[in-house]
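Only one chain comes next, encoded as structure tokens, the form predicted on its own.
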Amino acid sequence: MRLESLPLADGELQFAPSWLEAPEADALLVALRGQIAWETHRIRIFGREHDSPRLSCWIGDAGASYVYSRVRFEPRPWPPALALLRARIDHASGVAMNSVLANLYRSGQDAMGWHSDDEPELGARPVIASLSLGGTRRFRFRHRRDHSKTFAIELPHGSLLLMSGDTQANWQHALPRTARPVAPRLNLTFRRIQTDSLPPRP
């Protein structure tokens, strides 16, 4: 399915709610839950370290390390199930992605707080390709300088959301908790780490 632009002032969003057909999305969800080395990352909130409220794994090419919440993550190798998908994400985004953050939200109580993907190694105007598998969750945006400006979108199984342009400079995003029953959700956010030390892709 083609990506369509969404209305977001001071930012650029493109969305395809059924980017992967259901059978392919089902198979990918099962494969990745087994192939990814899930772990609980430690994050710093108001000067204190806490267990992240989700399971995660940083995956990427050799040298594509990533600093988040003052912790440096070295990439784990690409699982087999992501090999073909990676090339398709590159084509859809127009960017040669070299890394992906995988997050597993086990229930509605697993969440992601407000933040922007604006780390220096992502560059000034990063392109983030977010693929959702599993339970549908609401993804929220708020303007960094005016929190009364908000935007929300439901991210269903097999959907792809591209965030680009000045989105990270002007907006924060979050995946809030929900009390309603929801199936586990696996999210893949593909990124391009800006580093001259990376070897060329084979």
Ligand SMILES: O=C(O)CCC(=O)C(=O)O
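We number the residues from 1 along the sequence you see. No experiment lies behind these values; they were computed from the predicted model shown.
What follows is about the form predicted together with the ligand, which we do not show.
Quiz item: Looking at Leu85, Leu101, Val127, Met97, which is the one with a non-hydrogen atom within 4.5 Å of the ligand in the model of the complex?
Solution: Selected option: Leu101.
Quiz item: Looking at Thr178, Gln14, Gln194, Thr189, which has any heavy atom no more than 4.5 Å from the ligand in the model of the complex?
Solution: The residue from Thr178, Gln14, Gln194, Thr189 that makes the contact is Thr189.
Exercise. Could you confirm whether Leu160 comes within 4.5 Å of the ligand in the model of the complex, counting heavy atoms only?
Key: Output for Leu160 is no: heavy atoms all beyond 4.5 Å of the ligand.
Quiz item: Any of the heavy atoms of Ile89 lying within 4.5 Å of the ligand in the model of the complex?
Solution: The answer is no: Ile89 has no heavy atom within 4.5 Å of the ligand.
Quiz item: Heavy atom to heavy atom, is Leu155 within 4.5 Å of the ligand in the model of the complex?
Solution: Although the ligand is absent here, Leu155 would touch it in the model of the complex, with heavy atoms inside 4.5 Å.
Practice problem: Answer yes if any heavy atom of Phe139 is within 4.5 Å of a heavy atom of the ligand in the model of the complex; otherwise answer no. | Solution: The answer is yes: Phe139 has a heavy atom within 4.5 Å of the ligand.
Quiz item: Can all three of Tyr105, Asp117 and Arg185 be found with a heavy atom no more than 4.5 Å from the ligand in the model of the complex?
Solution: Every listed residue reaches the ligand in the model of the complex, so yes.
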